Structures are given as C-alpha cells and as structure tokens.
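Just one chain is shown here, as structure tokens, and it is the form predicted alone.
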Amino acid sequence: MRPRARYNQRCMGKLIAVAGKGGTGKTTVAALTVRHLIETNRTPVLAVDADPNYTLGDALGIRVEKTIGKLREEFFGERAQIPPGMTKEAVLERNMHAALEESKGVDLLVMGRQEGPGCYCYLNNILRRFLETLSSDYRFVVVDNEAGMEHLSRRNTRKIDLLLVVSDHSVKAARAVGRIAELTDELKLDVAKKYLILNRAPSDVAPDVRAEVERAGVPLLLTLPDDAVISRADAAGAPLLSTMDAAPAARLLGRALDSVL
C-alpha cells in the first residue's frame, strides 16, 4: 500500500488513550473521539485498536483485513517469505504497513490477539519502532485499549497526552477505574492528563457509584447519558462516524474534548 503523506509538523501528534472495563462503552467513546477530531478538521488521525476483542473497525465503518497479531504469528512461525536482498526486519515492516487500513481522515491499525508462547522481544522492538515512526505521520493518535493496558505498555515509549478512562453507572466498573489508574503508575506510563467519563449514566449519579468514583482518584470529565441514537446505531451495526449529529452524547463528548485537548 502507499503510505499516507507525512503530517507536516515538527512535533509528534497527540496521543489519546481510551481504557475501561469491558462493556462500559470505551470503544464507542474512542470512535466518537475519532469522529469529533475529523469533524473539527484535526486530521489525519491514526486509530489503533489494541483490544484483542477488536471492534473499533466496526464502529468506524472500516473493514479489517489484517491484524498485527496475525502477521506476527505468521512471521514467528517462519511462514514469512524473505525475498532475496531483503532482511527479515524489512519484510516485517512492509507487512505491518500492509495491515494499515486507510479511510477518509482516519487510518486504522488493529493489533489483534496477544502473543502466544515464545520470545517476542525482537518482533516487539520492531513493532515499537514502527508505531513510533507511523505516529509521526498523524496529528492525533487514538488508542482503544484493553482494560489492562498491557498493549500500550509494551508498544509505547511516548507520553500519553490524554487518558480517558470509561466507566458505566455501576460500582463494579467505577472500582475498575481505580485499578486502571494504579496500573498506569505500576507500568510507569507517562500520562499528562487523566480523566474519567461516566457513560450511560443518569443525571443524578447514585451515591454509592459517586463514592466509588471519588475513591478512584480520577477527575470526572463528564457524564454521558444513555443515548438512544447511539444505541440504535450500535444495535444495527452502523458506524458511528455518520448520523451522529443528533446524538446528545456525541455533542457532549466533543465539547468536553475541546476543553482538555
């Protein structure tokens, strides 16, 4: 594939990471974040789906043909064909470029499944360098993480400009927010700003949920309502990059992002 023209700026694009317990709506938040960046002409955007149960492509309306995980397993299993005059490293980087799905305003890279048995240090070092080089081509990088954030820890040496931790209106999910916040410290991730988004929540947050949110120690950025427009689109499998103008949650999230970016 032909690489996208480089983003002509001296500095790296901003990195936005989205994390949360499964089922809280973090992929929806990640997709709506990408949508807002496109709508406000802050492109190009690189979307990275780092959740092994990858669904960000569906939310963005981008068909996923290849994943880094599948390419890595093929390479690790010595099924890669090395043309004469090329190194293994060059072939691997070429294959990673082939896994990049291009779309208008946003490109998508899907990490896929995690490593199986065996040593992946060599491949991960190449992947880390590839991601760092690729990120410089974009104004924003939005990463949809698994709750544990191990993918981000292994792949990234950059500062996270904005970490959005998503929780639904439950004590269990709010408690997971605190664990994710602790994990960022344990993994020694460099996070500039860290905020909580309470998703699918009523205007009056339940006292026990509010108390758990306060214990998590992550500032609450906004509370998103249970949005019927987004729910219908999600149930129908429709991408969230279109027909979201009438969605209150999309507008609220956009205004909140503008206040912290």
Ligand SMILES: Nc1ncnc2c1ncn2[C@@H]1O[C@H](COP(=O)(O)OP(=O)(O)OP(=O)(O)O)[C@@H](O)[C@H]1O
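Computed from a prediction, not measured in an experiment: that's the story for all the values here. Residues carry their position along the shown sequence, with the first being 1.
This protein has a second form, the form predicted together with the named molecule, left out of what is shown; the following refers to that one.
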query: Triplet 200, 225 and 234 all within 4.5 Å of the named molecule in the model of the complex via a heavy atom; finding: yes
query: Partner-proximal stretch of 188-196, 25-33, 61-69, 212-220 relative to the named molecule in the model of the complex, 4.5 angstroms, heavy atom; finding: 25-33
query: The named molecule contact in the model of the complex: residue 230, any heavy atom under 4.5 Å; finding: yes
query: Neighbours of the named molecule in the model of the complex among 29-63 [non-hydrogen atom within 4.5 angstroms]; finding: 51
